[in-house]
Ligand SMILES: C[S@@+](CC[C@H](N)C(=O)[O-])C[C@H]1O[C@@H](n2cnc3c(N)ncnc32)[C@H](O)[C@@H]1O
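Quick setup: one chain, the form predicted on its own, written in structure tokens, and binding and motion questions come after.
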Amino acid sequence: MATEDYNQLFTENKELWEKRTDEHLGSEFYNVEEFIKGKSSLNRFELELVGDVMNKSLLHLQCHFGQDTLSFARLGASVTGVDFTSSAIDAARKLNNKIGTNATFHCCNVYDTRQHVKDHYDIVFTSYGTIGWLPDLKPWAEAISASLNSGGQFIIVDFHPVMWMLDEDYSNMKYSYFNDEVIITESTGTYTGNRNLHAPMKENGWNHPLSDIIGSLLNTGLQLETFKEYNGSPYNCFPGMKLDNDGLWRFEKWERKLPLVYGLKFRKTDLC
């Protein structure tokens, strides 16, 4: 697919996310009111992988309206967030001012990160529902490597690619694990619970097997340090899920049979 075709698909996705931002800001799912009072938006999976961020610099890619970015700031990190949705970045800046943190936010496509962010960081981070919006992981991985200090770490925690094999009801297998074409669906709502938020809008996504995710990062010279898979999700954002006794959400139909989340930690060495 030509670059200009990707640009059209990005434009359609951006329009979708501009619509979603206001709904997300007022949703119980994001619970902005409690966040302002001091509640962290970070989950145990990412906290375990990232570790202590005190006095470290952190770049958060595809940060939406910045709750996780600002949660890291509250833990002592110097943070920068990047997202392609202007309404989300505007909201992130307002939230930053409201809670008194000192974060920086840039509105750009993640592929264009280095055109907007010139610093280098101890940690680059991304999580939950991010790379499925990207058709090509090579420029993504290159932007990550170029943004890291020597010795710096990249951490991703995201929904497992096996999840994206399922149909819209998450009850049957529909897509190939090795699917390499754009998956085009129509959306009228969002994962926060409002399924009738707007008229049908196109949603363009790509499934990336773990071999492609890991391989794209290894090809930049980054070294893999940690690989985790989890059979539960910290979020109730898919149909047919129930809360289990360990505090994680799982599909009733699939029980603990599917991996729902994975986590990776890479390090940049002097050889990169």
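The first residue of the shown sequence is 1; numbering continues from there. The shown structure was predicted, so the numbers you read here are calculated from the model rather than taken from an experiment.
Note that the form predicted in complex with the ligand isn't included here; everything after this is about it.
The closest non-hydrogen atom of residue 191 lies within 4.5 Å of the ligand in the predicted complex. Not displayed here, the ligand is kept clear of residue 71 by more than 4.5 Å at the level of heavy atoms in the predicted complex. Put simply, residue 129 is close to the ligand in the predicted complex: some heavy atom of it is within 4.5 Å.
Residue contact check for residue 56: none of its heavy atoms lie within 4.5 Å of the ligand in the predicted complex.
Heavy atoms within 4.5 Å of the ligand in the predicted complex belong, among the stretches 96-104, 161-169, 133-141, 72-80, to residues of 133-141. The contact with the ligand in the predicted complex, taken as any heavy atom within 4.5 Å, belongs to 110 out of 155, 117, 110, 148. A single residue from the set 62, 216, 207, 233 has any heavy atom within 4.5 angstroms of the ligand in the predicted complex; that residue is 62. Residues of 78-93 that come within 4.5 Å of the ligand in the predicted complex, judged by any heavy atom, are 83, 84, 85 in sequence order.
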